[in-house]
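Below, in structure tokens: the form predicted on its own, a single chain.
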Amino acid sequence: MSALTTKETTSSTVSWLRSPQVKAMWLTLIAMLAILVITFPFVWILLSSLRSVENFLSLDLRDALPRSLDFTSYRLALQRSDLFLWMGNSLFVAVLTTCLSLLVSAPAAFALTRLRFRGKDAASIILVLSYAVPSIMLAIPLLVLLVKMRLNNSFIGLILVHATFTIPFTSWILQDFYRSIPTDLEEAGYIDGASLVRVLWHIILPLSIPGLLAAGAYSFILSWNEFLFALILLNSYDSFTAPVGVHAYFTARGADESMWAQLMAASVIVSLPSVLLFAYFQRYLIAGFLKGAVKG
């Protein structure tokens, strides 16, 4: 009886461990740990930017969290640097990069999804393989090319470079999204006498707003946060984007408590547009990816 009872208890325990409730509990725990790991650096930067400048580098655990909201770091960062100018440059580059990416990727993705032409499969493969090449390997060739075209140290050159990295991904997103749109709608437009351009403009694009917003938000965030090519291509202090300007300003001065505090404040300010954009377009981002992932 004792052995039988032990066996039943073991079987009951195993069944409980394999139950959906336990699996959901473990998945929730893993998700919470992942969120903690991902968000911890950003939370730490935010909290550090609100600490007083005098004890910024204090090792006392009581100073780890700000005792009161101190915006001195933000005031110093905005007064002593051209942060607003650099953010304006980043906004200009990111907006034009987003517009250019959508202008190219929307018809390109439609062609790759719906049309039949020679080289279609090769073009799709190139879009995927373009992400297999590290960006650092393209830095020098792109710099030489832009110098030959006299587009170095210009926003136009940087926008073109950013677009070469955003267009493949946005095209990939929109391809999957277009596949979720029933072909009957296009055929109805052709039957009514609409041309290919009118079908794309009046039928496909209005139905693709979630996908376009998802692709556009990605393009904007990538261009806004890009550092390597902006550092290489832009040489004028007044033309720096926000990441390059923050790097140039704070690395040219001594790393004292005041400068570290200002760096944290500037990091929060520069990151804020991306965070707000993602928060506002979150539902469109999720809808764009899900509709592209599920057909029918």
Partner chain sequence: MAKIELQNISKTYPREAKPAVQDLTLHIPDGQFVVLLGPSGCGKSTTLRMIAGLEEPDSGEIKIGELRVNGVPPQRRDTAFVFQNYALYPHMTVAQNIGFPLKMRGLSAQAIRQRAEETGRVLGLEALLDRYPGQLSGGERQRVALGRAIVRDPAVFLFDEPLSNLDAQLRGDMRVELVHLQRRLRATFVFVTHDQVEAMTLADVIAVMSTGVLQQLGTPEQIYQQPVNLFVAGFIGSPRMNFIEGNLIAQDGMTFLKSDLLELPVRKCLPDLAANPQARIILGFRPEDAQLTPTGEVELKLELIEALGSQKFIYGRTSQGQQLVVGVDPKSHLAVGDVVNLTIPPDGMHFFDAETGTRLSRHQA
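Numbering follows the first chain given and starts at 1. Note that the coordinates shown come from a computational prediction; the quantities given were computed from them, not determined experimentally.
The discussion below concerns the form predicted in complex with its partner chain, not included here.
Novice: Run the contact test on 188, 192 and 203 with a 4.5 Å heavy atom cut-off to its partner chain in the predicted bound form and return yes or no.
Specialist: Yes: 188, 192 and 203 each sit within 4.5 Å of its partner chain in the predicted bound form.
Novice: Would you please decide whether residue 116 lies within 4.5 angstroms of its partner chain in the predicted bound form, comparing each non-hydrogen atom pair?
Specialist: Judged by the heavy-atom cut-off of 4.5 Å, residue 116 is in contact with its partner chain in the predicted bound form.
Novice: Residue 196 near its partner chain in the predicted bound form, any heavy atom under 4.5 Å?
Specialist: Yes, residue 196 is a contact residue.
Novice: Taking any heavy atom pair closer than or equal to 4.5 Å as contact, tell me whether residue 95 reaches its partner chain in the predicted bound form.
Specialist: Residue 95 lies outside the contact set for its partner chain.
Novice: Residue-level question: is residue 85 within 4.5 Å of its partner chain in the predicted bound form, judged on heavy atoms?
Specialist: No, no contact at 4.5 Å.
Novice: Can you pick out, from 78, 99, 207, 91, the residue that has a heavy atom within 4.5 Å of its partner chain in the predicted bound form?
Specialist: Only one option qualifies, and that one is 207.
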